[in-house]
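As structure tokens, one chain now follows by itself in the form predicted on its own.
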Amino acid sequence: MGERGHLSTFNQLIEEVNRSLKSVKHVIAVLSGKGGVGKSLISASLSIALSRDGRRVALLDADVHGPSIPWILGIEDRFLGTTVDGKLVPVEVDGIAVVSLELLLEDRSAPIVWRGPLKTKTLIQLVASTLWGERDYLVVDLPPGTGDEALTIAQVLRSKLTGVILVSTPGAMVKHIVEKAKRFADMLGIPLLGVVMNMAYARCPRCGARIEIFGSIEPIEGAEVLGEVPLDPQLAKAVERGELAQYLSSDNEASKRLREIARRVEELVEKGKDSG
């Protein structure tokens, strides 16, 4: 197939994606320049908090090689449904429609060994083939970095992308890497909603003093800090057990911060909608 044929196929897929997402109002992508900073935690907690605020929410796990969303939400043993005409039906949990490639696999311990073109095509088809329904928000949990998957999602969902959230942790090294992700969003013309500082600090169990375990928070120029999430062993246990939704109902400091971040994101989206 020549270049024109590839372009035609890609444009057809874009049209399918647009039809699939026609009843989705806002798409928010969660991005970082590196792994291990808590993108999936932020994506999942944002989705849960928005759903509890009465919003119709869907959550796409776009990480092909290291999907975490099904495990965080405790649905790692479930499967996406299918209709007679081959459309995918999300797994519903806590009022959220969840889609992940992980939820299509029989053997979930087997690695996915794919090159870039196959990954990007699969992601596009995953979005295009899903019955998303009417949704106020689609939250997209992107894999680390600014490579194929992030670029594909940004290009394919461009018309629907309301904005991107960057996730970082304290320290100059992480700041340097996350700043690259910010420039990635700037280059593609995607609005930046702000930055979430995860693992920002811990509380001394004796005196309650704030301890900055990973160093001081380095601000990222031109990016609002949406919130600082502290380290909390109870949060780590909840994520490990697939009980994040239950944790977000608690009065723990990290739970409060995660809910506040969701409220701030909602305020920014509504503000942008009004001004637009």
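Sequential numbering from 1, following the sequence displayed. These figures come from a predicted structure and were not determined experimentally.
What follows is about the form predicted together with a small molecule, which we do not show.
Colleague: Going by a heavy atom distance of 4.5 Å, is S68 a contact of the small molecule in the model of the complex?
Modeller: Looking in the model of the complex, residue contacts with the small molecule include S68, since a heavy atom lies within 4.5 Å.
Colleague: Should S40 be classed as touching the small molecule in the model of the complex when contacts are defined as heavy atoms within 4.5 Å?
Modeller: Output for S40 is yes: heavy atoms within 4.5 Å of the small molecule.
Colleague: Should A223 be counted as a contact of the small molecule in the model of the complex, where contact means heavy atoms within 4.5 Å?
Modeller: Looking in the model of the complex, residue contacts with the small molecule do not include A223, since no heavy atom lies within 4.5 Å.
Colleague: Do G227 and the small molecule share at least one heavy atom pair within 4.5 Å in the model of the complex?
Modeller: Contact check for G227: no, nothing within 4.5 Å of the small molecule in the model of the complex.
Colleague: Tell me, out of G215, P219, G35, G54, which residue has a non-hydrogen atom within 4.5 angstroms of the small molecule in the model of the complex.
Modeller: Flagged contact: G35.
Colleague: Thinking of the small molecule in the model of the complex, which stretch from 196-204, 174-182, 110-118, 152-160 has heavy atoms inside 4.5 Å of it?
Modeller: In the other structure, the partner sits against 196-204.
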